[in-house]
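To begin, one chain is listed below as structure tokens, in the form predicted alone.
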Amino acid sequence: MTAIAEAVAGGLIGGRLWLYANYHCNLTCAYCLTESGPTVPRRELPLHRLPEITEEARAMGFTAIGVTGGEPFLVRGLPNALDRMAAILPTLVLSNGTFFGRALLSQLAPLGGRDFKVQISLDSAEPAANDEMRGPRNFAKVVEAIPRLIALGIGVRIATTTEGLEPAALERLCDLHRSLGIPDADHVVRPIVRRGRAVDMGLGVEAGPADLPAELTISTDGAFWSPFGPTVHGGRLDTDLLLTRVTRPLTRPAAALLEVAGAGSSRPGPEQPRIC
């Protein structure tokens, strides 16, 4: 058993390796960790590297891959890369749900039935409340996208990021995702973390390394302790969760993560609490 496999099995680190495909986005969400938006420079991991990193990850003992951004589906050619990745390790991609028209769905069709899921953000069952935080017509596009993906045999998770929903509001949201074919097990609810744009908006909770699971995360800027690590505030990268600027080969940042995790500076916690 590799050192990574042992650390994952022992709960020292998370089994999912996270990849920031890009930083740019078509939305400007109020609590965005990376200050992503339409005018953000197109800083991307090279597309051909994503399946290569996935191969490295499997050999080292990681058990899954997560792809995030920005909005990952703004990266041209991503569906083909995801298809190759899902053939190697279970793959999850995070999306705002606004691009699932006929063309993209056709490109994603080969992923139907694979160990692959799309995690789509949906923060409220009320369109106005959801769109206030995320952008105009976001709610409508998400509700249209979910059945289309399910029809292709693609798994869907719903992620709700919130400062706290009242029980009745949460129940309405859960009723909505159930009506769309998403079971409670695929609905994750997480607090807003006061990083990135949330700092200026006065939103969210403070969270340091001790509060965040140890999940190796790779971006164009380096390797980080957590997918909450490669955040941007005031146009500058936060480096408090930076492990190393070196990302190749993957053994280098993985060793840095193990060293920090083994030193007991923080403890991994649950991925995201489910409240339904």
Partner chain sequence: MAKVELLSKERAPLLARPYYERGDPGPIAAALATVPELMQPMLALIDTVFGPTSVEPRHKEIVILRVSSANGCRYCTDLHTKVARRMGFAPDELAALRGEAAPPQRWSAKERALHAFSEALAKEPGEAVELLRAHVSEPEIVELVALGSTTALLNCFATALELSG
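Because the structure is predicted, anything quoted here is derived from the model rather than measured. Residue numbers count along the first chain shown, from 1.
The discussion below concerns the form predicted in complex with its partner chain, not included here.
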{"property": "Interface stretch in the predicted bound form with its partner chain - options 55-63, 38-46, 240-248, 24-32, non-hydrogen atom within 4.5 Å", "result": "240-248"}
{"property": "Residue 12: touches its partner chain in the predicted bound form, heavy atom cutoff 4.5 angstroms", "result": "no"}
{"property": "Residues from 178-210 in contact with its partner chain (non-hydrogen atom within 4.5 Å) in the predicted bound form", "result": "209"}
